[in-house]
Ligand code: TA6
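One chain comes next, on its own, written as structure tokens: the form predicted alone.
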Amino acid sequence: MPSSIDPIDFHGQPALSLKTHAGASAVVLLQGAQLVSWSPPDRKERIYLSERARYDGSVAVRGGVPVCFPQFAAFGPLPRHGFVRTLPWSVETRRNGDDFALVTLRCTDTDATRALWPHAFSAELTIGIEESRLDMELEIENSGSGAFDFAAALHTYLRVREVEETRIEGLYGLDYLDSTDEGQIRRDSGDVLLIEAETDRIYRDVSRPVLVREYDRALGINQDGFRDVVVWNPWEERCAALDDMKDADFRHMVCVEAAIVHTPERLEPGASWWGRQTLVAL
């Protein structure tokens, strides 16, 4: 069977289902261009999605890969993580062959977004699957008459079997902002990062790959264009306070996010920026 891209209904939301001849698959919501599922050819899900996620369009779905723009978290006056993750996106292109499937979705400014943030923009997210690889590329264009600064992230929720047995490699020696300790700047001094308590770190100037290692499998993560990496796990107390996440689900997820947070990106009129995050199942 060749690769395919088909419209589907996903919990009442319009979505696209991507499949390859080798057996890889992905699901992308049109709301927020949010990836909510990715399995390599071994058909083992690698993306966390909460069983209690809400699909009414009022908030981003808990899990998957929400797109954050033009603000990250609460670092600014806008709604948390910006506003594109709850906007409807249109399908621009679909391409598939025997061994790949790829879609590009697009959104632009509206009267509602300009009331919050007075700038004209377009955002495109391209999602492609091939063999054991997932590529997500975000492109932002300034279509207005004035320059603007923005932050952005691909807020990637990874599914893990047991977070306390998961090792994150590749962050040794890097500075990070610790959001669990009033934004203190620290340096990662361990060979590996272990998730043993609430973790909310924004690593700066990350230029090397990150490896998320479990018992008998690993996930390689590389990025281009994005300068920062966010690692987040709410742990027990904060997870219990989230009404769209089961109390024990912090044990089965960790976010490793390609991001621009520490130094916002500045775009002149007519200019564009792109950033890519690639996941490879090993």
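A quick note: this is a predicted structure, and the numbers were derived from the prediction, not measured. Start at 1 and count along the sequence shown; that's the residue number.
In what follows, reference is made to the form predicted together with the ligand, a form of this protein that is not presented.
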property: 4.5 Å heavy atom contact, L219 to the ligand in the predicted complex; result: no
property: 4.5 Å heavy atom contact, A73 and the ligand in the predicted complex; result: yes
property: Y203, heavy atom within 4.5 angstroms of the ligand in the predicted complex; result: no
property: Heavy atom of F226 within 4.5 Å of the ligand in the predicted complex; result: no
property: The single option of F150, W89, Y176, Y157 touching the ligand in the predicted complex, heavy atom within 4.5 Å; result: Y157
property: Site test, Y48, R213 and D249 vs the ligand in the predicted complex, non-hydrogen atom cutoff 4.5 Å; result: no
property: Candidate stretches 75-83, 204-212, 107-115, 183-191, one within 4.5 Å of the ligand in the predicted complex by heavy atom; result: 75-83
property: Stretch 256-273: residues contacting the ligand in the predicted complex, 4.5 Å heavy atom cut-off; result: E257
